[in-house]
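Take a look at this single chain, the form predicted on its own, given in C-alpha cells.
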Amino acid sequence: MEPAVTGRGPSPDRPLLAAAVAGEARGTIEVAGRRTGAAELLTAASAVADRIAGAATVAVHATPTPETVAAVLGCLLAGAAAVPVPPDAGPVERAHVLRDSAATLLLDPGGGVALPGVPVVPVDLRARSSTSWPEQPAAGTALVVYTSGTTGPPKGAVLSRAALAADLDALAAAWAWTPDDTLVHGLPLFHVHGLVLGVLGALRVGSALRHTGRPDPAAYAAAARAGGTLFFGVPTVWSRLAAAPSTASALRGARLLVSGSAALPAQVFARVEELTGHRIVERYGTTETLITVSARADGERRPGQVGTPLDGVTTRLVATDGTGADVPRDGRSMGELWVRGATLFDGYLGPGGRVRPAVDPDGWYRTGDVAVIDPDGWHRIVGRASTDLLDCGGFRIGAGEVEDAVRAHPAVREVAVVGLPDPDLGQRPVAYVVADGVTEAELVAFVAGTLSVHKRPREVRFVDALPRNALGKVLKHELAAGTAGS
C-alpha cells in the first residue's frame, strides 16, 4: 500500500474569533473603497448579532461591501450559521438556497432585497452595540456554503468553526501571514476563497484587509503602491496582470502572491515572475475541504504544482477504477485525490436540517479531483475525474496535459479539452480554443511535437471565449453539452 502524504502537525486550538474579539487586529478593513477600523466593525457586527439573536440559520446577501463583512461576523458572534447568497443569483437559485438551508432571516447589506416569505433585515454599518457575546462551541456550524451545482442543484456544505480555525491557522503558518501584513484581493464574498480566506483569515490573523471590489489588475497595483503585502487571486487575475507589464511591475514590492480556485497556466506563472520578481504560491482546496495543499512562503514553488499537505492534513491517491487501490507517488500515475484532516466539512445539508456525512468510516473525503503526486509529496491537480480524465481507445488521458501542450502555441490565449462521446474510441479529446491566426491543422501538428498520438486532440473548435464561473473555473460541462456560446 502506498503511504499517505501528511502535513507536519495539527493546527493550534484557538476560538475562531479570538483575535477579532480581543481587538488584536492592527489594520483597517476596507471593502470597495470604504474603510472601517476593526473595533468599529466588531461593534457594528455586534449590533447585527443583537437583531438576529436566537436564529439558527441566517442568509446573507453577499455583496462586496463592508456591510457583508459585518453581517457574516454578526452571525458568527450570535452563533447562527451564515449562508452566503451570491448577489447575482437568479430567483430560482436564490429560492433553492433559502429553502434548502431553512434560513429564517436574510441580512441585506444593500438595502434593496425583497423576498416573499423571508424577513429581510437591513445591515447598518453605523449601528453600534456593546453586547459581549460568548465564544460559541468550536463544533458549531459557522457557514453553509453552496457548491457550484455543476452536476445538479447546489448543495450546502456545512463548515464548522473548528474547521475554519484549523485551516486559517495552517495557512497562516504556510504563508508566514502575520498582523503586519495587508491582504489585498477582490474576490467574491460568497465563496471560500474570498470570504473564508480573504475576510475571516484577515480577522483571525489580525492583519489589515483591502478588498478592491473586483479582482482588477489596476486595483491590485494601486493597493501594492499603498503598502499591500499579501495578494490573493484566481488565474484569470494573474493572466490579466501578466498582459499588463506596466501595471504588474507595481507588485514587485509585495511579499507574497497566491493563486487558487483553478489551475494556473505555467506560462502565466513564468510571465508574472518575469514582471514582478515573484514566483506565485499555488494552493488547492474545495468548498468541502477548505484549503488542504499549498506551497510555502519559505519554500520552493513549482509551476503547475500546488505543493504539499498543510499542517494536520493527510492525502491519498486512489485508483479511479473502483478497486480502492492506492496509486504510486511516482510523478506520473494519476488517481483520485482523497483528503483527511481537521479542515473537512461536516457534510451536506439534508432534509429537515440534518447533515449527511460525506466521508468514509476512516475519515477520508473523496474529492473527485484527479491528481499526480511526486515522490517528495508535491501534488499536481489534473482536473475533475468526471470531466478531465478521458477514456480514449483504452488509454487514460489527462485533459490538463493536452491543454498544456495546446496552450504552449504562441497564438493560443485559452484552451479547454473535454472528452466527447465517440462510437469507436469511447471518448475523443476535443480542444476548445481561443486563439488568433492559427488553424486546426497547425495546432494539431504543433502538439504532435510533444504528445503521443493517442493524446492529441481529434478535433479543435475555435470559440470567442470559454464559459467560466465567478471564480474563473472553466465550465466544461457546458462545452460538453454544447450549451456554451461562441
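For clarity, every value in this text was computed on a predicted model and none was experimentally measured. Numbering starts at 1 and runs along the sequence shown.
Omitted from view is the form predicted in complex with a small molecule, to which the following refers.
When you look in the predicted bound form, the only residue of Arg407, Arg329, Arg301, Arg283 with a non-hydrogen atom within 4.5 Å of the small molecule is Arg283. The contact with the small molecule in the predicted bound form, taken as any heavy atom within 4.5 Å, belongs to Gly260 out of Gly201, Pro84, Gly341, Gly260. Using a 4.5 Å cut-off to the small molecule in the predicted bound form, each of His191, Val306 and Ile381 places a heavy atom inside that distance. Looking at 221-229, 260-268, 119-127, 310-318, the stretch with residues near the small molecule in the predicted bound form, meaning non-hydrogen atoms within 4.5 angstroms, turns out to be 260-268.
When contacts are judged by a 4.5 Å heavy atom cut-off, Thr287 counts as touching the small molecule in the predicted bound form.
Residue contact with the small molecule in the predicted bound form: Thr147 places a heavy atom within 4.5 Å of it. Using a 4.5 angstroms threshold between heavy atoms, Glu401 stays clear of the small molecule in the predicted bound form. Under a 4.5 angstroms non-hydrogen atom cutoff, the small molecule in the predicted bound form has Asp369 among its neighbouring residues.
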